[in-house]
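Shown here is one chain on its own, the form predicted alone, set out as structure tokens.
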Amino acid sequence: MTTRRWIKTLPALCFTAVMLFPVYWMINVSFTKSSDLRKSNPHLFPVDPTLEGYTAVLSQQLPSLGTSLLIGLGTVAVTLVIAAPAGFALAKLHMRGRGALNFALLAAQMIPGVVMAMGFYAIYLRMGLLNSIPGVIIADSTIAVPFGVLLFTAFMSGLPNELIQAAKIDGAGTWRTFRSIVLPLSRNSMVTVSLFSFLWAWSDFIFASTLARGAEYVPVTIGIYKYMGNNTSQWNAIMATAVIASIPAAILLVIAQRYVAAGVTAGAIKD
């Protein structure tokens, strides 16, 4: 590599190292003994590593991880079922008021989560959905659905109208056209919406702490509080939980990165 390229690459490497240091520190603390964490100058490396944090997580947090997985998959399913047909309707069915609806979807994404959580709490209290997994799935879907509709609308607007017209000529109705023609072509957008929906639900804290804190099985974002006390905290177990909880998200991002890149830019350029 030439000196000029090194000069350009070095700041990027330094910036990346700074950004990734919290991740490294999370892993380092997860292997550090509780007694070593109380030292005034903690070690930069796990000098005397321990697995007590991971042992505590695997023996106590598996139900919470399963609950988070169920909530994430449920949120993905609800989001796709609602957002994909809505995006098709806004993009290709020439609905009246679609501009206003798109603006409403954008505005919905700007509402703070804590405000929505307070509203859900009052509604769920009357409907009996408090401290239930379906209740959290519905709440998380309200964040993912507007994003999904906007992304599907942008992508499906770029599909050639000739495809829709050819399907109509062959006798396909609106639903069959959507299911057999539009949906298979929207694979990148489906992967992108699914990924972001899962990640939002997986990392959700506001809705989980407000609507499901008293549930029998709580998501891992709430289960991690088991290691926090008024006077002491089991930091290696907390960080071990964070490391394990990060693995599914990291795997999904690696697998879906090329679909996400194509899905996010879909509809940005039209012929």
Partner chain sequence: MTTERWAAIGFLAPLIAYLVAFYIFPLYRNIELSLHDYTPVAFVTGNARFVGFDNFIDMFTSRTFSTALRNTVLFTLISIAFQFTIGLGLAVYFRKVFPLSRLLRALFLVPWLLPLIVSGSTWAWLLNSESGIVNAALRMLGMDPVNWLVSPDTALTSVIIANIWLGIPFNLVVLYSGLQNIPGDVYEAALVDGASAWRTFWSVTLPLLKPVAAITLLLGFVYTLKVVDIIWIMTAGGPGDSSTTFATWSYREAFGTGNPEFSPAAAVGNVLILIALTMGAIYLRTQRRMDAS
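Residue numbers count along the first chain shown, from 1. All figures in this text were calculated on a predicted structure; none of them were measured in a lab.
The same protein also exists as the form predicted together with its partner chain; that form is not shown, yet it is the one meant from here on.
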Practice problem: Mark residue 71 yes when one of its heavy atoms lies within 4.5 Å of a heavy atom of its partner chain in the predicted complex, and no otherwise. | Solution: no
Quiz prompt | Close approach of residue 109 to its partner chain in the predicted complex, 4.5 Å, heavy atom | solution = yes
Quiz item: With the partner left out of view, is residue 50 within 4.5 angstroms of its partner chain in the predicted complex by any non-hydrogen atom?
Solution: no
Quiz item: Is residue 119 close to its partner chain in the predicted complex, meaning a heavy atom pair under 4.5 Å apart or at it?
Solution: yes
Self-check item: 26, 41 and 146 all contacting its partner chain in the predicted complex, non-hydrogen atom within 4.5 Å
Solution: yes
Quiz item: Of 192-224, which residues get within 4.5 Å of its partner chain in the predicted complex if you count heavy atoms?
Solution: 196, 199, 202, 203, 205, 206, 209, 210, 213, 221, 224
